[in-house]
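Heads up, the chain below is alone and in the form predicted alone; it's given as structure tokens.
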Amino acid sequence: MSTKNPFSLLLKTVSVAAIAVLSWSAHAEEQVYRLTLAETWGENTPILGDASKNMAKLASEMSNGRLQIHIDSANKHKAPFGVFDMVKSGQYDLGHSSSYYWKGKVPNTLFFSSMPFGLMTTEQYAWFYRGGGMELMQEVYAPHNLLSFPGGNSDIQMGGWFKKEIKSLADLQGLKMRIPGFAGEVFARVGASPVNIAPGEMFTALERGTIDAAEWVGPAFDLRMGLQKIAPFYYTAWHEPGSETQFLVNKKKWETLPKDLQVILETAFRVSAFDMYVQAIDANAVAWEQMRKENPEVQVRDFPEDVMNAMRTANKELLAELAQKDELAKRIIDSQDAYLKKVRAWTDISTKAYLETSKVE
């Protein structure tokens, strides 16, 4: 008869198996996932480029080093407007860009950056996260093996820099302006000639007369570009009341990540997006103060009433045409319109009323 205790053997077997499982788990937890990101912006572009860097740093820290993200700027990959295709194909795992750059490929992507006369930044974030915007955005990107997440907001964007003052609608006829997205289509409808060129080419194009006007972002970005040195008329906002960038994700790559790393990555997107918004507000305030001192020739202008009326009409017509042609476009437009009416009623008696009654001495 054997003297070995069967329970002792069983305990030993279980112990060995448990050690093996724990060893495997520890190894799995230590696995490093290396992702690549292509951004539309040039190297060291302030605010826009900071969002990607902040996101990568957050993802690494929150994952205890298990997520490592390498960033290639436009000067590295040489395709600022190729980010969509590079992430879609898997050449890069992630991208940081702006959704309206893809309207020529997928027209419904343009709704998720900023729409003329539409939602302001805080209103748009509320729509994304509480009003069904995220679900609609993923529906648009899903057929392209992509996920899209809000990637940071530059807040209200100025109407652009013009070499000559716009005194009436007649002054827009044939005017060549760098202005992307749906706003470019609105400008075209009222007689201007919109041009979509990469940010790094704007100054040269304006200087050489290839274009007559350029829309970029706001003082923090424009001051660095030097646009105020060439075009002294600075027009106020209408076309991008809350310009949102995006983090693009290759969906197949996303599905290979453990659930906890998916949550960490999405959290890093969200936090860095908020940081970019805060940074943009502060940087615009600082840059505008500097610009007023160093460039007294800059003249802030509102577009004339006939121009604004024509653009509002054109905007409504273009939206109606899109809604008629595409069922998904109609659902997005209807969603944004309904949310705007709901949230703007509150904005009017809160933010707007406060600004009208509160004066800074």
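Between two forms, the rigid core is the largest collection of C-alphas that superpose within 1.5 Å. No experiment lies behind these values; they were computed from the predicted model shown. Start at 1 with the first residue shown and count on from there.
We do not show the form predicted together with another copy of the chain, though everything after this point is about it.
- Only one of the listed residues (M311, I69, L58, L48) places a non-hydrogen atom within 4.5 angstroms of another copy of the chain in the predicted complex, and that residue is L58.
- W238 is the sole member of Y92, W238, F187, Y101 with a non-hydrogen atom within 4.5 Å of another copy of the chain in the predicted complex.
- Comparing 194-202, 133-141, 167-175, 268-276 against another copy of the chain in the predicted complex, the single stretch with non-hydrogen atoms within 4.5 angstroms of it is 268-276.
- Shown alone here, Y125 lies within 4.5 Å of another copy of the chain in the predicted complex, counting heavy atoms only.
- Another copy of the chain is not shown here, and in the predicted complex it never comes within 4.5 Å of any heavy atom of E294.
- In the predicted complex, another copy of the chain sits within 4.5 Å of a heavy atom belonging to N284.
- Remark: M158 counts among the residues lining another copy of the chain in the predicted complex, judged by a heavy atom distance of 4.5 Å or less.
- In this stretch, 211-231, the one residue having a heavy atom within 4.5 Å of another copy of the chain in the predicted complex is P219; the partner itself is omitted from this view.
- Superposition of the core reveals a Cα shift of less than 2 Å for Y100 between the shown form and the other one.
- Put the two forms on the same core and the Cα of Y277 is off by less than 2 Å between the shown form and the other one.
- After superposing the rigid core, the C-alpha of Y234 moves by 2 Å or more between the shown form and the other one.
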